[in-house]
Structure formats: structure tokens, C-alpha cells
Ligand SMILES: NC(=O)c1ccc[n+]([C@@H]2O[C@H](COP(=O)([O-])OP(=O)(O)OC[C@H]3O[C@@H](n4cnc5c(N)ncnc54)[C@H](OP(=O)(O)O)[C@@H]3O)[C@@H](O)[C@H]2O)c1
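One chain comes next, on its own, written out as C-alpha cells in the form predicted alone.
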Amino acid sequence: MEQRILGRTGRPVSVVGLGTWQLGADWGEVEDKDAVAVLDAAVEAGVTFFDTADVYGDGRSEATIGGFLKDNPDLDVFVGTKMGRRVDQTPENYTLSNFRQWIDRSRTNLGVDSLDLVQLHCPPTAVYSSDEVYDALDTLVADGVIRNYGVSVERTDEALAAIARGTTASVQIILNAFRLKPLDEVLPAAKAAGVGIIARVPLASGLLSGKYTKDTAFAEDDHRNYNRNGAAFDVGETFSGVDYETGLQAAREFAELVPEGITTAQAALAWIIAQDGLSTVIPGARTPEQARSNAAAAGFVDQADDMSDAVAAIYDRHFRATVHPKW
């Protein structure tokens, strides 16, 4: 699989990574053995980047990855984790003391002395511009407990603030065919600054798989059920913040663009990989088959790039007026 340098980390990572939120919680139950099978299938398919967070299953996702890497010590997998969502979301909680506690917990879960990449996990907007926060993160790098730091953001203005700092290694942002705003300024700014871009929610929580209908039912503990109106966290994390019925219609139109021999999900992922300035995209997978299929999307970039004008037209028709101003 193609490898790209992940911004200021200097590390090459696969253009298709693996998001592991679903291995912890919030997407329905996943057995431990099934989670390990997904990790194994992803690596066999060429994936070299795992994205996790301390809040996914309250550490379960990190611990699963840590156990997998301990059992496979020869693998060269770069792991990005995230911190900050296990406390009240106030800027005052983003302190060096708290960072140390959170990082020590993640190091234990992952079984490492130093974390490859730690990302602030969609904190309050003011945090992205705080000198004290970046000084604390620099201290942790100097101490050797983390090697690099980045941010995960909800909004483009937050991404631009982090990129401007000069020490941010990477920015993780929602980018998919239903969320085009990052293409306007964020990706160009990141490329110019040498900051990596990690695209998350690439399939709009599954809408861009083309498999959902108005009758699709989601488990009670699946955020696609309980967070459709943003009751638990930012609604943009669920179906990219688009109205579900509108998303179904747009997904049908997207599916009509897909060339033969490619699944709708693969085309959606390949289109993201084709965007200038993109480092890696992190679809989740609940089965080994999904992990392998997602990884195969890296081979369809040229075909998907030809869809760009039509993708923009779908976005303009259905989402620009409602989605573009929010994030």
C-alpha cells in the first residue's frame, strides 16, 4: 500500500489506516477475539496506522491494540491515540498535570514507554490557541513520554489555529464526500506547513457505504441511534451531521457515480485519498472482511479522482447550505 509521511512526525503511514472507535464501544458490542481479527486483517492488507483514544471503551480499544502489538512485536505499526474526553470539557482541565495522568494511562494500556502520537481529542475551541497547552505538550515531548502531538478537531477554524502553531504534527478532521469544507483552507494550509492530515468519519458513519435504508435499525448502544441529534457529543460525528433521510438520497446519487469493480465504500475512501494534502484516512471496521475491503480502496485512487466534480455537485445540492457554515 502507498505510504505517505504523516506531517511533522516524519513517519510514513499507510494511506488507509484503521480507526478503532468501534473496537471499544458506541457501535454495538464487539468480542475481543473479533477485535483482534480486525487488527490482524488490517495489518495483513498493508495498514500501518492505527487510530485510537483513551475514551474508546474507557481504554478498551487502546488495551486491545496494546495486546495485539505485544503479541506481534515485529510489526511496524504507528499508533495515534487521543486524550481529553474523559473529563468535563472546560479549558481549565487541559493542564500539564492532567496530561501526565492521561498519558500514563494510555502508555499502560498500549504497553509502551513513549506514545507515537497523542492528539487533543476535540477539546473546547479556546484550547487550540492556548500557549500553556502547547508548552505542556512540548514538555511531554522533552520528557520522552510522547514523541509527537497533534489535534483532533470539529471545525475548520480550530484546525487552522493548530496548524499555525508551528509544532503541531498532525490534524485529524472529518472529511468525506458529505463534508467538503476542509478542502477550502485546511488541507492547503496543512500542506504548506508540513502538517499531516488524518481524515476521520470517511464514510459518514456508514451512509457512504450505500448499504443503509430508512428502515435500517441501529443498536441501542450505537451512536448512530442515540446521538443523531447531538445528545451525547458533537452531532457532526454522527452521519457527519447531515440529516439521515437527506444523506440516504445523497448516498444513492454517489453510488451512481461509482465505476464498475469498486464498492461504494471503496470509492468514497479512494476519493478522500486523492485529495491533495491528505496523509491517511481512518475508516473503522467491525469484521476482517471490512478491514480488507477498506484497505483495497488504496488501489482505486485514479478512478475516484475522476468523480470529484460530481461529488462537489452532490454536496452543493444537498449539504452546502446546512453543513458548510457549521463546521
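Sequential numbering from 1, following the sequence displayed. Note that the structure is a prediction, hence the values are computed from the model and not measured.
Keep in mind that the form predicted in complex with this ligand is missing from the display, and what follows is about it.
Residue in contact with this ligand in the model of the complex (any heavy atom within 4.5 Å), chosen from Lys181, Arg155, Arg200, Arg107: Arg200. None of Ala190, Val118, Ala204, Ala169 but one reaches within 4.5 angstroms of this ligand in the model of the complex through a heavy atom, and that residue is Ala204. Residues within 4.5 angstroms of this ligand in the model of the complex, judged by any non-hydrogen atom, belong to 287-295 and to none of the other stretches in 287-295, 65-73, 254-262, 38-46. At a distance threshold of 4.5 angstroms between non-hydrogen atoms, Thr20 is in contact with this ligand in the model of the complex. The shortest heavy atom separation between Ile282 and this ligand in the model of the complex is within 4.5 Å.
A residue is said to contact a partner when one of its heavy atoms sits within 4.5 Å of a partner heavy atom; Asn227 fails this definition for this ligand in the model of the complex, lying far away. Interface residue remark: Cys122 is counted as part of the site for this ligand in the model of the complex, having a heavy atom within 4.5 Å. Scanning 53-73 for heavy atoms within 4.5 Å of this ligand in the model of the complex gives just one residue, Tyr56.
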